[in-house]
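Quick setup: the structure tokens below cover two forms of a single protein chain, split into structure 1 and structure 2.
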Structure 1
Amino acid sequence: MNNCLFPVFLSIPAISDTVYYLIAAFLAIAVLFGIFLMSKVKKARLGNIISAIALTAGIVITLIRIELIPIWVLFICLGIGTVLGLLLALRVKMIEMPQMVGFLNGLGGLASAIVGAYALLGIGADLDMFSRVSATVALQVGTLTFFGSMIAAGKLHRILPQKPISLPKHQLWTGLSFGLCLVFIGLAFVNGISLVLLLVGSLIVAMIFGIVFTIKIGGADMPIAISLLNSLSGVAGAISGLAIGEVLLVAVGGIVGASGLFLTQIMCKAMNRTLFDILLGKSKKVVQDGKPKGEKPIIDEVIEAKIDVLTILKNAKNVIIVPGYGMAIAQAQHLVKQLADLLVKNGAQVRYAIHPVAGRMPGHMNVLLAEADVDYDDLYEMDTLNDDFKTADLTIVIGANDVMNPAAREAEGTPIYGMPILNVDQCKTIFIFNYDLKPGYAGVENPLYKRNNGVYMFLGNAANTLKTIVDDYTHK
């Protein structure tokens, strides 16, 4: 087999270590530069392309450096991966982006876990303590990233129930599996420890930890979970690089791990949660006391005469639109844009207020609105626009709930308490397009639905209700 795999017809001058380090450093800087550009609106696409080229170059350099060119099996694998990747990427819908990122992230974690497992068995790595420990960590982080990401993706794709699943003694399971992960890492420091034990043990405990950690997460914490897992897959890559002595892996993985963690922090802050609480599956309990159970929402003022609605729309000169995940589900972004265009034609100023965690991923709303051709100059972050609700003539809420739920300010003990929200309630006239009057993803009732004046509820699929209004507006 060896002979057939290694025909001696190709000999490319090997790249010396020093040269390789220089190349790796250059590529790492290119990746840093690419990510840096990706954080600027105008240059983001270029940044992505630079990162892609840097990574491709890294793969090519590796193939040349360790003389892998003659091994055709590798190229078949790379080819299969490329074709599958392109098929997936070109077919996925924009609304499915969160689960796509979660799924892809899982694949990256899987690869790192396998590299870690190999290294642990001495394949591609020396069998010293340094490799053993880093291989164990890489295997664990990769495994937990894989299972965690797949569950997160499954939940977002609605294959798995979206509600947080709580096992009996859930915290114990989380704590125990996490503790055991640490134990196995500790064991890796012991010289002469059974490698099979390390491998199998790490695999099992990391799998359990990944699963129990993610199934408990529901609702508003999902964006954070995806972001954290994204960071972890970088960490897994970096540590597997430590194990097998691949400097490029270490550099790129480290960069991704750290910037991913930073992004996660930004999100935690926006949600008023700590990473630690989320990791341990702690969720603030929804308090039901103080509120009579089973209270029927008042729907009296829900349906107003259409003429009223149109008058309000025509008189509004200063409009703020608040999109939420409901807009994504209803695929209503194009209709939102149509309505906004009509208002603008009527001389109104229309701005979009984007809550940092609206949707299921940070920036989710921006992507969807961009798909509908909304100019990104019209999109505003929460802090910029939050004082303007007072003076706006009309606020149109499309499928958003938790991000503008005033309960976040007052209802202590609820999951969203303390979360910064959009001050929609300060606006005198509010249109709310929601599927139903049920509480949002976080499970907290929205007192705004019961406000008596100036709140107009449009229930049902936002795409349908919006369509009716847009049609009425155009034909009248």
Structure 2
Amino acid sequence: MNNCLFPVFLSIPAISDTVYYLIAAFLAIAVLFGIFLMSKVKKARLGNIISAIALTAGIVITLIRIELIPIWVLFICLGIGTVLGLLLALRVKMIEMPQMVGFLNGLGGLASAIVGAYALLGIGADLDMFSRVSATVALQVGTLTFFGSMIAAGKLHRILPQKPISLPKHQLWTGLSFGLCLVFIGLAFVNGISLVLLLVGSLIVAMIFGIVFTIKIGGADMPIAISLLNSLSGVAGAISGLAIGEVLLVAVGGIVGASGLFLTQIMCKAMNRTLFDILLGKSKKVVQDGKPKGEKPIIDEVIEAKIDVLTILKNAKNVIIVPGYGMAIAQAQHLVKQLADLLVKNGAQVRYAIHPVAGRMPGHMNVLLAEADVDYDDLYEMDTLNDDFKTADLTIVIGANDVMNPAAREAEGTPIYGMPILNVDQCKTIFIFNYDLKPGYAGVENPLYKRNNGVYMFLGNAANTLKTIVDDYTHK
């Protein structure tokens, strides 16, 4: 039957080690090139396609070379995976992309854990010490990545509370589970150790560690958690490649791990947090005038705009838009684009200031604005645009808080103190379209809300408040 249905595939010649290594080198370079293009906004889509094709080719070449499964099974599996991927791409909304990324990070970790388990039990007695230790580490890192990513995805999707969750004696559980992970890695160095013991023990302690360290990370720190878990999925893949001697898996896993780690460092710097504190779920107490702040907001009254909003909009020729997670929640990006188009039509220059940790994952705001067909050239990083707020005619904030909170400069002892922010407060006229006046995820009051000169609040769902402004601007 195979000869009738798949005569071409069955005639594929064996791939020598030399040819395989050359192909692996080429594919690894292709992945790197794709990642390089992803750093260029206009070429990010092309970079994503190149990396995806290279990874798919790597899967096919590797499985053909080692003859792990029949060719016809390989292509059926690739077909099923392609269909599932396309369904997810079509059905998952842009606002749900952070939790989707967390979920996919988890699947990457699970795949590495399966490879580690296969190395321990499938290869079994043929394992040397190096491979046995590598397989154990891959199993642990893959397992904690999977369960940690599932917790992160659950928090982002609001299945789980977004606030940090502390168990009784949480630090003890964290330290104990991590210590036991090291113990089982140490046992892997012992010749004659039970491989079943290594597998089951590593699986349990890594699962516990992955859960307890992730549930204590709050929603505000999720951008860093997502970046770290992405890095760990790559590390797990690289180590599992060492366990089974697959050079391409080592190379690609190392690339993903390194790029994720660099991104994690960028996120930590942007939030003025240390990775160690975030992993331990540490947060500073919010203080006001040296005293602990209660949960009730200080601001009790809304500063109402008593001016002609349309006059300000029509006279503004230099406008900066600051998007935040509230824009994503309200799905207001299309209305933001409509307002920007009206301003441009009236002769204004409109630019978007993107904070590195705006949203719930790196690049979240860029993706949402791209969905609304915002020109890539209009998106600016914080460092590029920060000095321009003082000369702008108008700044429009859509659902942002912590990333433009001036308290980050002077409120010592608060979670955001020292965090680089967008200098929105330096603009003479500011429109703020936020749901309410409550603090952001960091829990720090925003003194900008109390400024009674040039700050105008439009409270409520941004999709509604923006629509009112857009409709009035269009018809008057």
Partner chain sequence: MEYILLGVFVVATIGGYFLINNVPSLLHTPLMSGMNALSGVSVIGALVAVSVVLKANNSVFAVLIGAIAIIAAMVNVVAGFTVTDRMLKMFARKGIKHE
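Everything numeric in this text was worked out from a predicted model, so none of it was measured. Numbering for residues begins at 1 and runs along the sequence of structure 1. Just so we're on the same page, rigid core means the largest C-alpha set that superposes within 1.5 Å between forms.
S.K.: Form predicted on its own, is that 1 or 2?
M.R.: The form predicted on its own is the one given as structure 2; the other form is structure 1.
S.K.: Comparing between structures 1 and 2 on the rigid core, is the C-alpha shift at His334 2 Å or larger?
M.R.: Where the cores coincide, His334 shows only a C-alpha shift between structures 1 and 2 that is less than 2 Å.
S.K.: Quick one: once the rigid core is lined up, does Ile69 have its C-alpha move by 2 Å or more between structures 1 and 2?
M.R.: Yes: Ile69 shifts by at least 2 Å between structures 1 and 2.
S.K.: Could you check whether the CA atom of Asn318 moves 2 Å or more between structures 1 and 2, using the rigid core for the fit?
M.R.: Comparing forms between structures 1 and 2, the Asn318 CA shifts below 2 Å.
S.K.: Give the rigid core superposed Cα shift of Gly85 between structures 1 and 2, in Å, rounded to one decimal.
M.R.: Here Gly85 registers a C-alpha shift of 2.8 Å.
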